[in-house]
Each structure stands twice: as C-alpha cells, then as structure tokens.
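Coming up are structure 1 and structure 2: the same protein chain in two forms, each one given alone as structure tokens.
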Structure 1
Amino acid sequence: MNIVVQKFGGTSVATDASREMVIQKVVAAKNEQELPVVVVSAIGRKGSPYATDTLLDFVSTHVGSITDREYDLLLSCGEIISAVVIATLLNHNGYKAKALTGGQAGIITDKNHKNADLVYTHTDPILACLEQDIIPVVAGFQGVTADGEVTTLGRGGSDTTAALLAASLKADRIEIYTDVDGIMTADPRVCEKARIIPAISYNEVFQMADSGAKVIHPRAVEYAMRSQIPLIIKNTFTDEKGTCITQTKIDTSQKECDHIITSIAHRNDRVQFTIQENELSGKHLLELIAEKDISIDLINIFPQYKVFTIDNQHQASLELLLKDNSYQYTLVEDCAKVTVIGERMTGIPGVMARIVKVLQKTHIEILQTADSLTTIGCLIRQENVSGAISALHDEFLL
C-alpha cells in the first residue's frame, strides 16, 4: 500500500477557508493514487472556541481544578471535533471518509494521564478503512488504555500520533502541515535573513528542538527515525516543497566550512548560577537539584565550584534549596542560550574560534559555552539574542 500520513495543525483546521485547503491537500494525495491517513489537531489556538487551551481554561475558570482522568477526557474533545468536521467535509466533496478517535484508530497507551506513552498500536481499523476506499480521519493527541480510559500524549501529541501511525502502517512518508513553509535556519522573529532549510537530518531536528526551536515534537521524530520514514514539514496554505527530515548521510571528510552549520536555535529566560562547593552538605548538590525536578544545562564542574544554567521558572526554588543547605552562590539573570547546529562541523577545526570571534566583533559577551559533536552552545545576555543570531547567520552563510 502506498500510504501517506497527513497531519494538519490547529491553524489548518481553524476556518472555512483553511479547511478547504486541507481538503485540497488530501484530495491531491488521492489523485496521485496514494492512500491518505489524516490526523488532525484541535481547531485553532488559545482563544478559539474549541482549542485545547480554551476548553481547559473554561473548566478551570468556572469549576476549578480537575483530576488527571477528567483532564484527558476534556482535552480529547477538541481533536474529535476536528476529525468529525474534516471527515464530513470530505464526504460532502464526494470522498468517503470516517472520523476516528485515537482509541478507535488503534492507539493503545499506558495509564499515565496527561503524558501517556504508547504501548502498542493495532492497525486493523485503519486498514479496514483503506481497503474500502475510506479516508480515515484520526483525532490526534490521544489514545486509550487497554481497559478503555482516554489518555492524551502531551504537548505536540498530534505530531506523535501521525508518526506512530505511520510507523505501524509502514507508510511511505509523513506530511506535517502547519502555517509556515518549513523549518527555518533561525527564528525569523529575531533574524530577518532566516530561510527555509530544504533537507535536514533527524538528529539535527532533535538538537534544534532541544535547543529551543519550535519545530516538531521530538517524540514524533523518534518514531519516524526508528522506522526510517521521511518527515516533511509543509505549509497548508502554499505549494512550497517544505523541509524533508531523513537520516541524512554526511561526508565528514568534507573540509569546506561554507555550510557546516544547518541552523541556529535559541532558548530565552535562562539564569546562570555559580555555586561554591559545600563540605557540610550531607548530599551531593546535583542530587538535591534532581530531587526538586529542576533541569540544568550548560554545566561546567571545577574543584571549588560549579557553573550551570536553569530556566528562570525554577530560580526561586533553587535559591531556597541553596540557602537551606548553606551554599554560597552568585547568579546572572536574563540570559539566553544560543546554539549553532550542524552535523558537518564534526571533525572540522576552528568552528568555536569563528563563533567567539564573530561575537566578540559584535561586542557580545560570552558567559559560558558547551559543545557536542553536532552543537556549540553559548550563553549570552538575552538582550543580545537578535544581534548574536544575525551575526552567526551571516558568518556561516546560512
């Protein structure tokens, strides 16, 4: 079977005009003798009547806090509404279609409400539709436990739904439709010269997401990577080719430095802590931090002190922990981590030197660095993010 999984985000199903574009994309696949399996998000974004956050805000405001079970039951409604709407439109346009909840589509999860993990999928319901020339329209972001309880898959769950169904169905590709033309070299809101990346590897997308870029949910990439299914990020509203995500094979013997960087990502609202060692504490500092569920980044450990960053939402909690355990510390607020990403930099000398040189030339102070085989991260002051990214974008000819 020539199966293509097409996932449409909230803006794609938000209006009559956008829904018409969705129908056109699905019909185009049918006309190419492909078998589309459609996955949809809830209609619109926060503020829209049926958006996920709107439903949650309504109950929270008028009733109060709800249990995790009821949370999942409520949040599954938005995607079900979208599935019914798109299936009905396809039927009205002369194409047989059937709306399915996540559970009806065969997605079985564990019992971890609000962020469930896949246990298995059974593809019979979807295959039965395809064999009868029916287009299945699946509500994303949700599944069901073995005993019938509705669960949700966490943020980005509709992307995950598309990828896990594609893996189970052995689909030819996954198309993720949104309101942008593809993955960009940098955030266009802070870098005017940002452009679309035509092709990128699974690993580079992982690194972009981990470094703050809002591209595609990492779990979706993981499912696609395991099955070696190409992921294509496209725009519902244009005919642009988008960005193709695959297991790119890189020739590491190439020594040209013109295009060794694929993208630049950034994460704001970081706080840098420098903490003196404390022999009086009964537990290791990192153990105490882990017990508070505080994630740390850009860590450098020296004999007498440690330096690392955290998200500013955890600042008060960490300061209280340090004071309670008699740690001496200093901090720098309003920081940002800027990360250059590219598989081609592996084994090529001088990349860090170029980054340091261009930031110094732009009079941007580097507070801390960290690197891996495919990334180099620099901590700078948040006010300098736009200047830093633009300068690096020019330096590496993105």
Structure 2
Amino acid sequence: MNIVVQKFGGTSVATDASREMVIQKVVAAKNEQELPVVVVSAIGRKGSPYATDTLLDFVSTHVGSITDREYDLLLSCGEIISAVVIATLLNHNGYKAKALTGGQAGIITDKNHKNADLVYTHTDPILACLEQDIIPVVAGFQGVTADGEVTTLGRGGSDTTAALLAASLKADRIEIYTDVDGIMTADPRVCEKARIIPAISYNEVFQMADSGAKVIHPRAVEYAMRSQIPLIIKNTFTDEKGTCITQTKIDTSQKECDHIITSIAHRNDRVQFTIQENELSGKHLLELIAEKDISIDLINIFPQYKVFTIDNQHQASLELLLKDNSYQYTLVEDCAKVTVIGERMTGIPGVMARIVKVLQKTHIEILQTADSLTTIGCLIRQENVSGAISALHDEFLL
C-alpha cells in the first residue's frame, strides 16, 4: 500500500470546523486504501492560545530571556498539543491513531537549538504504527538530538518534517494542506490578480520559497526534490486539485509553460546598507558580520564601498558593530525585495530591461538588483510592493 504524508498547517487545525476538514482528508486517504502519515503544526496563528508565537510572547512578557534549550522545549509544546488533538479526533471517528512527538517519531537532529538540521530518521516507530493499522500523527517542527534533547527546526519546520518523513518512508507523495488552493503566481494577500499554478518544478518553488513566498519552506522542497517525491499543495477547506510540484512541469497543457516567468515572490522588512571602506579594522567587514550570524543579500562590492541588504531584525546589531569599528555608513529602511522567478528566462535576453521599464512606468524606484539563471530580484521601498507586483504580474503573466 502507498504511504502518503499529509501535513496540516496552523489554520487547518485552528477551529472545530477546520479540524473536521482535516479528519475528512485523512479518512479520504484511508478510504483510497492508502496509508496516511499525518504531520501537524501548532494550532492557529499569532494570538491563538496554543500558537507558537503566543508561547513566545508569554515567555518574553512574563519570564524574560530564556536559554535555547528551554526555548526549544517550550516551542515544541504547540505541535504536541495539536498532534494529541488530531489523533484523539481520529479515534473518536473510529480510526486508530497515535500522537507522536518528533523524537518519538524517530526524527534525530543535530544540536543546533532553534534551527536544528535533520540528521536521520528511524522509521521503525512509524512503520510499527502502520503495520497495526494505526494512523501516526506526528508533531511537526521538532526532533531530538542523539542524546535526547528536544530541538526545533526553525520557521516552517513542519513542512520540513513532512518532507523528511516522506523521504525516509519512501512515500508515494507529500500533501501540504493550507488555507489557499495551491501555489499562486504571487502572494494573494498582496496581489489580487494572483492565480493558481497547477504544475511547477521543484527548482522554481525552491526559488519562490527562498525569495520569501511563505507557502512552503525551502528545505522541504529540497528534501522532496532529492528523493523525487511529488509535493502537492492543497487547500484543507476545498476540494481543488492544488499544485503539483515535480522535477518538470508535467501539465504541459497549462498556459504557464508559455510564460518566461512563473511567479513573483517578495520579502519585506529589508534594510539597505551602504558602507564606506576603512583601514582601521583589522578584520574584514564581511567576516565580522558573519560572526554575528547576520545573513546578507543583494551584495555589491565597489573599491570604495559595499552595498547590501539585511533583515531589519538585525539592524540594531549591525549598526552597533559598524560604530564599534568606526565604519561610515548610510541606510535605507523599510525596503522589500521583489523577485521574479522562471526557469525559462535562462538565456532569454531583455527580461531585466522589461522589469526596469515596467517599474519606471509605474514610478517605482529600483534601489538595487540582482539576477541568477532563473531569478531577478529588485530592491524597492516596501510601500511599493503591491504596486510593483501588480505591474510585473500584468507584464509577464496575463
């Protein structure tokens, strides 16, 4: 029988009505004579009583700073609650099910608390469930180290759990259930014209996710791609077919295949720094930044200065470092990076020219650009994100 890994995100497990839909999706797989392995996120988004962000807010308000070990132990609770709830509801509906923590499900990680990497999985605990006709319901986003310490996998980690389990169980496919009908040409929250993409390649979705599209975690795409397991993004609340992600776009009848650009992603909260060179500091500036664990993007190096962007959560710490080392700098706050993605743009001239022309026509200033074989990114002011995406969408997708 086929194993199918079904992952349900925070909104999918948030209410009685949505949990009812979750149970229906799992039961549907059972009725197709498949073996569902369920992975769940914590219940609801920020503000919900058991959401991950709520747990964090509680600690920062009432407790203060917390060690990385305790942080992980705390954060793992949200998914455990969710797994217990879903497994129990399946039981109540007449299906044998068992809630498992990441560690109980056999997920072993390195010791890097708060952003652990998966090392390997013991498949025995899950296979034992499946052999006894028990549906395993695994708490996403977490694992344990080889010596039993609980770790978490960073934002979007439940997607990663699902993909990792699918790879080690040699699953037939991974179904990621969320609150949209599939992967869309842009984030529907900022672009009204965004449409569903029926079929897309791992590489393009990886680029989208890596460029800020929240719909799936890039690491999950990487795991699925490595093991060549199809990833399907679906809506918990509808019966739409969703988006099928494989090596190549299989649905060649779809119009998307005619387009140079498949989608547009964006990442908010960027700050652009321009830093003058100085002779005072012994260490190379980029090394100092790396030591602070600040990741930089869109970097251009000139003889007299460097320009790059960072996430605004690191702004204060970078400014302190620059002042301590006597660097002169200027910055532009409230920026966003908009990235257009398309495998077919490789080797096609003039895409950058079209982007620049469209944004100029819309009176949107481009602060910086970067390109790779399959992406072009533009730094703009955050207030222009919606206008830029809409203009680019018209230019390339409609």
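Quick caveat: nothing in here was measured; it's all calculated off a predicted structure. All residue numbers here follow the sequence of structure 1, with the first residue given the number 1. Throughout, rigid core stands for the largest set of C-alpha atoms superposing within 1.5 Å between the two forms.
Asks: Identify which of the two structures, 1 or 2, is the form predicted in complex with adenosine-5'-diphosphate.
Replies: Of the two forms shown, it is structure 2 that corresponds to the form predicted in complex with adenosine-5'-diphosphate, while structure 1 does not.
Asks: Quick check: I389 between structures 1 and 2 - does its CA shift reach 2 Å or more after fitting the rigid core?
Replies: After core superposition, the C-alpha of I389 moves 2 Å or more between structures 1 and 2.
Asks: Core-aligned, is the CA shift for N112 between structures 1 and 2 2 angstroms or more?
Replies: Where the cores coincide, N112 shows only a C-alpha shift between structures 1 and 2 that is less than 2 Å.
Asks: L359: after superposing the rigid core, is there a C-alpha shift of 2 Å or more between structures 1 and 2?
Replies: After core superposition, the C-alpha of L359 moves 2 Å or more between structures 1 and 2.
Asks: How many angstrom apart are the two C-alpha positions of N325 between structures 1 and 2, if you fit on the rigid core?
Replies: A shift of 7.3 Å.
Asks: Where the core is superposed, what shift in Å does the CA of G212 undergo between structures 1 and 2?
Replies: The shift comes out to 2.6 Å.
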